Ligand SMILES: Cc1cc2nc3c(=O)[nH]c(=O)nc-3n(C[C@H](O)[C@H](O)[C@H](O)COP(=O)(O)O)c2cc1C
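For reference, the chain that follows is the form predicted on its own, supplied as structure tokens.
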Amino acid sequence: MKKILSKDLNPKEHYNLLISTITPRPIAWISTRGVDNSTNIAPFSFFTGISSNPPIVAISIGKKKNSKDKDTLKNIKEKKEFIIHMIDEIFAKEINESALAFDYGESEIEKLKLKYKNGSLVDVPMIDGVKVAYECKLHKIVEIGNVPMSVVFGEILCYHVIDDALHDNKADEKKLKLLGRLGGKNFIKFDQDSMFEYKG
């Protein structure tokens, strides 16, 4: 195996190596609402669940090129709530397009003509047609690194899962068929034939 020392890589090289080796990654398609009532949605793939008691997820959010907070982070800091959507191949085009840079207050949800309803416990739009959504309140934000990156910890207040995938509070991955993120602009879709259960 080739050995690569962290000290020999610049931040871009670290990023490229991380996103191409931590695969597949779940995609958090996060919607928020600003204090000006504008809506926002953007994808983040440095995302995972970290606790079940209480149910906590973590998302890493970088800065804009001008070093200001991304719209998602700005809204979460101000309103302390957000919704994470887990998506399948149907939304691949919209996910990519929602990652483009929009001016603050310019709604990706409106631009992409996404249908939505309001969350049941948070004042945030929830996209119609997704397989899973988590309504979350902000738990805490931890700043790390030299940029810095903001690690957002959110507590799940309410789960939304499509009816035919849920049995005894457990979801069937074969019914969800959620997308994963690979390196660069690549995604991986669910392939039931590739699933296996280790019975060693």
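This one's a predicted model, so the numbers in the text were calculated from it and none came from an experiment. All residue numbers refer to positions in the sequence shown, first residue = 1.
Here the subject shifts to the form predicted together with the ligand, a form of this protein not shown in this document.
Q: Looking at Lys175, Lys64, His139, His160, which is the one with a non-hydrogen atom within 4.5 Å of the ligand in the model of the complex?
A: Answer to the contact question: Lys64.
Q: Contact between Ile90 and the ligand in the model of the complex at 4.5 Å, heavy atoms?
A: Ile90: no, not in contact with the ligand in the model of the complex.
Q: Does Phe190 reach the ligand in the model of the complex, with heavy atoms at most 4.5 Å apart?
A: Flag for Phe190 set to no.
Q: Asn118: heavy atom within 4.5 Å of the ligand in the model of the complex?
A: Result no; Asn118 lies far from the ligand in the model of the complex.
Q: Using heavy atoms and a 4.5 Å limit, would one call Glu108 a contact residue for the ligand in the model of the complex?
A: Judged by the heavy-atom cut-off of 4.5 Å, Glu108 is in contact with the ligand in the model of the complex.
Q: Since the chain is shown here on its own, which stretch among 94 to 102, 77 to 85, 110 to 118, 124 to 132 would lie within 4.5 Å of the ligand in the model of the complex, judged by heavy atoms?
A: So the stretch in question is 94 to 102.
Q: Can you name the residues of 48 to 75 that have a heavy atom within 4.5 Å of the ligand in the model of the complex?
A: Those in contact are Ser60, Ile61, Gly62, Lys64, Lys70, Asp71, Thr72.
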